[in-house]
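Just one chain is shown here, as structure tokens, and it is the form predicted on its own.
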């Protein structure tokens, strides 16, 4: 059925023929009817990576096919979400090995994006914990792949944005936990230099992430709140928390029922938000024990928060720069402050070493920013791209909707190897997306 479709950023919007399936046999039948498919789960990839002429929704293909509660190994069909994994696994003392800033991501999407989280500097991205994947490829065959079986397909599927085929199921290792709570330390940093010192000082923490005020200038340039966390043990809990140590998250409490007018988020409202957020912590250091839902997924508690950006939508711009390119990071943040293109969601993390085929992370600093869609935004982001390129960095495909192909081809050094593998398993370009065509990945 043809219908308008868009991802979380509400930009771009296209008309697609959308089909769903609940057996792998149905997928094979759909392939006989149409060509040029791209799989799509929850639509949380922001840009155009899961948009295309024909979209294959995985959401009805969502069963758990294996779960060993002793070892923590679980296998689920691609449409099963991280939210559903948590509801199943947390009461049994298991947690996701890696999680992004939302739990409303399908497992197929998690693999296709090779998601990373606040623990990347210690534990890598999702593919490190993935044991095997089943993929229905463009040659019509279903492959089981892992780090040792069809390893080229495994590597190209993790972070490959669905271009090798439809991910049917994912087997992965969960993390053992004693409680569903996090012991949290929040530290205010007066500026970016202090924040980077704090990241280094507390690098042994499993989880670390910083909110950054990208509009602050002068001596406050880059002022931040660094958030550190560890999974809490039983002796960390008191009162009601101790009585329900493996409590699962609740439903979201708030909802934004309609698109806000575009003028609501502007340089003044964002500056006011940033000031209030930075000063909400009265002390330099605050420690607490909080539920995992508040620590990992604060925005999930507001349904449809993307409507705050209004009908034109927004772009999330996430890049990574090598550790020795701190001056490049400052240059980008200065440009944002000068242009007053502020983002109230500015998140800085540290990536550990990783040199996979097409996955986004590499050792360095990664900054993610949300920008309301305006007439001048695309030109401004082109300027930021040039700095990222000059510093040897790259852009996250999962968040991208506008990068040019020249920059993309220069910034992913193993791209040609990736394209060769895509052509091997997807020889007639049965799988392609708006993004893969824009970036000349598919022929």
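Nothing here was measured: the structure is a model prediction, and the numbers come from that model. Numbering follows the first chain given and starts at 1.
This protein has a second form, the form predicted in complex with a small molecule, left out of what is shown; the following refers to that one.
Novice: Quick one: which of 224-232, 140-148, 173-181, 105-113 gets within 4.5 Å of the small molecule in the model of the complex, going by heavy atoms?
Specialist: It is 105-113 that comes within 4.5 Å of the partner.
Novice: May I ask you to choose, among 369, 161, 133, 320, the residue with a heavy atom within 4.5 Å of the small molecule in the model of the complex?
Specialist: It is 161 that has a heavy atom within 4.5 Å of the partner.
Novice: Please pick, from 42, 381, 401, 395, the one residue with any non-hydrogen atom lying within 4.5 angstroms of the small molecule in the model of the complex.
Specialist: Comparing distances to the small molecule in the model of the complex, the residue within 4.5 Å is 42.
Novice: Closest heavy atom of residue 205 to the small molecule in the model of the complex, within 4.5 Å or not?
Specialist: Residue 205 lies outside the contact set for the small molecule.
Novice: Even though the small molecule is not shown here, does residue 101 get within 4.5 Å of it in the model of the complex, heavy atoms only?
Specialist: Yes - in the model of the complex, heavy atoms of residue 101 and the small molecule come within 4.5 Å of each other.
Novice: Give a yes or no for residue 167: in the model of the complex, does one of its heavy atoms lie within 4.5 Å of a heavy atom belonging to the small molecule?
Specialist: Result yes; residue 167 sits at the interface with the small molecule in the model of the complex.
Novice: Would residue 156 count as touching the small molecule in the model of the complex under a 4.5 Å heavy atom rule?
Specialist: The answer is no: residue 156 has no heavy atom within 4.5 Å of the small molecule.
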